[in-house]
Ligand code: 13P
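A lone chain, given as structure tokens: the form predicted on its own.
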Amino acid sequence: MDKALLSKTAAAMVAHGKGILAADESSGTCETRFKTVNVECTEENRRTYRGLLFGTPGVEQFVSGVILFDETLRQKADDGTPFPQYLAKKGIIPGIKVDKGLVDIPFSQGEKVTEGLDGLSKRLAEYFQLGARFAKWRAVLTIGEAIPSHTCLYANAHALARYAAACQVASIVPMIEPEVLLTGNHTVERCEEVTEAGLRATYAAMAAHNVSLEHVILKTSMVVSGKDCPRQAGVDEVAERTMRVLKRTVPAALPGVVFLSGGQSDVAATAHLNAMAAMKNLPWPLTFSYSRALQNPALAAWRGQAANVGAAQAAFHHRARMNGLASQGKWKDALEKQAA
């Protein structure tokens, strides 16, 4: 465990005005997204699309790191440089998704736990050699009648803690992601309760497994109304509730907190981040780790056509810039309108 390297990596991940691109979609998820723009989901098309994002001129001003899928970590840019080295040359830290996806928890109401602990230490050692300096593990909490259960909360917290400890031994910064799903008709009040319960369970497990909190990045959901809830909480309410939960549960020792967009619209995710980052006297830096909220406009502009690369990169650069400003509390609606 190289504590100096871990500290350097963690600080760089949450550098001022920068955030993290989540480009770790599985082939199946990529296929779903590519279908929306009528692009065949081949390995080469996936490589081309990700190369488009990574090669966007100047995006390193707003993107500190990229979470890669195993396939992407082993691919090369058009100039023949492996993607991890290509990113590192731009000053962007390569990361890697290491979980193996979700399985049902026995005797539960369809709740899920994340697999991937078997053989993890060996995989982490290989990923370090390939250039990865941080990793991500996603857990999922669904809100419903009588769920999430105690079993679900603690099964996922236990897995996150074991994963985090293994990462630190390998000198890879663990990003922990206990995601509360947007799906459902639950109220913002119920989302706040579940988010707090999930984080409390997670940090209890971290303590039990001797995880160094100074070398962990939290990737968390925002406290928002369920997608189908009749009353949608406004920007200021989302910011207030989210920060209340984080201050109650997240140790100040953490180097930083990054937010997932979780299916929010591009602009909503930016507005919510801006409102939270503008708050005073926060214990940690706040920034973004978005997938669709950064990529959607670029994918729509690209549509698999080489002639559209410039437009796609411009769209991606704009979203990265807007979120970089939001992470400093400097984004305004006027910026979006000006660019429209």
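Fair warning: this is a prediction, and the values are worked out from it, not measured in the lab. Residue positions are given as counts along the sequence shown, with the first one as 1.
Only in words, not in the display: the form predicted in complex with this ligand, which the text now covers.
Engineer: Work out which of the listed stretches, 53-61, 306-314, 288-296, 273-281, brings a heavy atom within 4.5 angstroms of this ligand in the predicted bound form.
Structural biologist: Residues of 288-296 come within 4.5 Å of the partner.
Engineer: Between the options 215, 136, 133, 186, which residue brings a heavy atom to within 4.5 Å of this ligand in the predicted bound form?
Structural biologist: Looking at 215, 136, 133, 186 one by one, just 136 meets the 4.5 Å heavy-atom criterion.
Engineer: Of the residues 123, 219, 190, 162, which one places a heavy atom within 4.5 Å of this ligand in the predicted bound form?
Structural biologist: Contact residue from the list: 219.
Engineer: Can you tell me if residue 14 lies within 4.5 angstroms of this ligand in the predicted bound form, counting non-hydrogen atoms only?
Structural biologist: Residue 14 lies outside the contact set for this ligand.
Engineer: Using the partner position in the predicted bound form, report whether residue 262 sits within 4.5 Å of this ligand, counting heavy atoms only.
Structural biologist: Contact check for residue 262: yes, within 4.5 Å of this ligand in the predicted bound form.
Engineer: Does any part of residue 22 reach within 4.5 Å of this ligand in the predicted bound form? Heavy atoms only, please.
Structural biologist: Judged by the heavy-atom cut-off of 4.5 Å, residue 22 is in contact with this ligand in the predicted bound form.
Engineer: Enumerate the residues of 154-182 that have a non-hydrogen atom within 4.5 Å of this ligand in the predicted bound form, in sequence order, or give none.
Structural biologist: Heavy-atom contacts to this ligand in the predicted bound form: 177, 179.
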